[in-house]
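So this first bit is one chain, no partners, the form predicted alone, shown in structure tokens.
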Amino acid sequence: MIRSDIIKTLIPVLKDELVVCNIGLPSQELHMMGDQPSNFYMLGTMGLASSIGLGLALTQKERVIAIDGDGSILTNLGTLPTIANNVADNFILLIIDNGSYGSTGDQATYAGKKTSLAAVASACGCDTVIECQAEDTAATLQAAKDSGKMTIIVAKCESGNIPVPVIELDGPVIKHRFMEEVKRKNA
């Protein structure tokens, strides 16, 4: 399975959840397969989906799921100790680890070599860290939702991309509709 296969299996699990999605192809795949106003698509800031997701979870009661990639986590590695030291039981970080920078040409990441992001997250102090195979991602995410505990999931998959259209919504529209969903859910 590749990242887009995982995202396709996640659509029912993500229904009506607050989702912050990684820049580039992951956001485009999520938009194409399961657009909803409660999805916040990152359009221009690599490495910040996890940080934005945590910040949002810390400031309101609803669950927040951040979908990030191994390349993005590696560009903002400081996010893992920040998450570990600011526990928000309404936060789930799903790292789709395909061992590559998928949106920029599938160059190999260190997570595709010797670096285990699950081990790094645990070493940073994250209490609940689960590594799973691609085909188990949806069930693992559902179990994390059911647990009510902050969870870091590292889903291992193959590198590869599918053709996807560009997201035609501009940044202010994405932000506005997402913030309206946050307000609605927290009313």
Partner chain sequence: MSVSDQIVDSLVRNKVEFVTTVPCKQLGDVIDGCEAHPDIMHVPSNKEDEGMGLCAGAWMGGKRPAIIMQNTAIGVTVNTLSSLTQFYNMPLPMIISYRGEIGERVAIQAEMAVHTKPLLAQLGIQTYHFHEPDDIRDLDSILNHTYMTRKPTAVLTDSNFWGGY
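For clarity, every value in this text was computed on a predicted model and none was experimentally measured. Numbering follows the first chain given and starts at 1.
Omitted from view is the form predicted in complex with its partner chain, to which the following refers.
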Check your understanding: Just one of Ala143, Leu58, Ala119, Met33 has a heavy atom within 4.5 Å of its partner chain in the predicted bound form. Which one?
Key -> Leu58
Revision key, fill the gap. Residue within 4.5 Å of its partner chain in the predicted bound form by heavy atom, from Cys157, Cys132, Cys126, Leu43, is Leu43
**Study point:** Per-stretch contact check against its partner chain in the predicted bound form, the hit in 45 to 53, 132 to 140, 66 to 74, 149 to 157 (non-hydrogen atom, 4.5 angstroms)
**Key:** 45 to 53
Check your understanding: its partner chain in the predicted bound form: within 4.5 Å of a heavy atom of each of Ile2, Ile7 and Leu10?
Key -> no
Practice item. Decide whether Pro165 counts as a contact residue for its partner chain in the predicted bound form under a heavy atom distance cut-off of 4.5 Å. Key: no
Point to revise | Proximity of Thr79 to its partner chain in the predicted bound form, heavy atoms at 4.5 Å | key: yes
Exercise for review: Find out whether any non-hydrogen atom of Lys175 is located within 4.5 angstroms of its partner chain in the predicted bound form, and reply yes or no.
Suggested key: yes
Check your understanding: Does its partner chain come within 4.5 Å of any heavy atom of Asn86 in the predicted bound form?
Key -> yes
Revision key, fill the gap. Of the residues spanning 8 to 33, the ones with some heavy atom within 4.5 Å of its partner chain in the predicted bound form are none
